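Shown next as structure tokens: one chain only, the form predicted alone.
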């Protein structure tokens, strides 16, 4: 629960380091607390936050009536602290020396807003060659769209040494996954290093959000990453509801949680099968994909969409699912099917041989990168918003949180297996205690205001910032957990063999779309 018992000690720590706090607020982005600091103290703020043990959870840029603003989110013990500053054209120091995963979000803010960071990788990150280097699409008018020039001269890092060679993979892949370039440096079959190049599509989410009404923003948020449509829409709606001072009815909140847990189960089923398939265990792929198909068809029966898209709306939910009573039967049937399948996975020597010890992410590296979700839980990072900063209805039903230290592919699959059972139990409790009442309340759009949504999606922590101006959305930034799990993959594959990259990648299953805004 949020209590900020540690915050006075952290502020005293900052004062000892002569860092000037220009302003403090407990309401600017509730439930977060906010500290405003000078631009020249931005580096010191990041350094001292790291020394104090705060997790770096996100960054975005904005431009309001007072000028440009940079916002950084830090987390500790389930409490969120906002550091903000107004650069006024000054360059800010990058936080990446203290938080290695910060660089990509900083590059994104630079490419779209023109925010300058000292000590930051100068290479273009978002949409590469689609606009001139001196233009920034969330600030400047851009030329008419045309064919994007090719981007074949990106300077990937090269590891020198005798026998070291490069393997380019992508950006176009043989499967149905989205574009992403992976550049390996290897000796023989051993991977020495991997560098990722993402951002080939760039949907323009942040620009498309401007001027929308709340219902339109909820629909847009649900398309940030289609496999997380419930979680992203819930985070955006939670941010808007906090900005408007609105509380959804209890029945709607219970149904939101039911949808979110169904989304979690569907994706974990698919991932377990895909992990097994990538090491040649096709039987498990067939069985888990079959179960996922049955599960998503029930979603379509309940709400008209296999992925439950557009079910979360500002102020509540869109519809009352039909045949809720049948879900408890579905849960019993799935538990029975999984009991036998999980026994096979746990007692299959050749599968164990391929997964145990493969693609290890150490707890230290996981903590440094700030990963959450199943990637973090497999590497001793047990943070889960549903338990550590619970929002309704999880404040009444805090889930168990699996935690392992091995950090390998087997542990990441084990977390998924555990979470399916936890979600099934949780959904039974939600159905048994489902309150009566309305599905939604009218949403009155605030003329001005902003909010922060914090939701535990199936991949991990999702943050969503929404600001209203003149009764319309002026700024929307959704921070998917994949901003941190993609950098983790680069560490995971080191010293593994090239043929094990697919299973390492699938065990992480970061979202291309979630970071390619």
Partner chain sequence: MLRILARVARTGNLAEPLEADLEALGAQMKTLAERRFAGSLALRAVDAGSCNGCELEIHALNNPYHDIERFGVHFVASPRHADALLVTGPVSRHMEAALKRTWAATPAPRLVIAAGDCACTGGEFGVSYASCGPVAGVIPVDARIPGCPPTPKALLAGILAAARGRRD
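Positions refer to the first chain, counted from 1. Everything quoted here is computed from the prediction, not taken from an experiment.
Quick note: we don't show the form predicted in complex with its partner chain, though the next part is all about it.
Its partner chain: the contacting residue among 425, 178, 438, 388 in the predicted complex [heavy atom, 4.5 Å]: Looking at 425, 178, 438, 388 one by one, just 178 meets the 4.5 Å heavy-atom criterion.
I need to confirm a contact call. Of 408, 75, 278, 227, which residue comes within 4.5 Å of its partner chain in the predicted complex, counting heavy atoms only? Checked against the cut-off, the match is 227.
Can you tell me which of 370-378, 93-101, 441-449, 219-227 lies within 4.5 Å of its partner chain in the predicted complex, counting heavy atoms only? Only one stretch qualifies here: 219-227.
Would you classify residue 159 as touching its partner chain in the predicted complex, given a 4.5 Å non-hydrogen atom cut-off? Residue 159: no contact with its partner chain in the predicted complex.
So in the predicted complex, does any heavy atom of residue 131 sit within 4.5 Å of its partner chain? Yes, residue 131 sits close enough to its partner chain in the predicted complex that at least one of its heavy atoms falls within 4.5 Å.
Residue-level question: is residue 163 within 4.5 Å of its partner chain in the predicted complex, judged on heavy atoms? The answer is no: residue 163 has no heavy atom within 4.5 Å of its partner chain.
Should residue 245 be classed as touching its partner chain in the predicted complex when contacts are defined as heavy atoms within 4.5 Å? No, residue 245 is distant from the partner.
Stretch 482-517 - residues with a heavy atom within 4.5 Å of its partner chain in the predicted complex: Heavy-atom contacts within 4.5 Å come from 511, 513.
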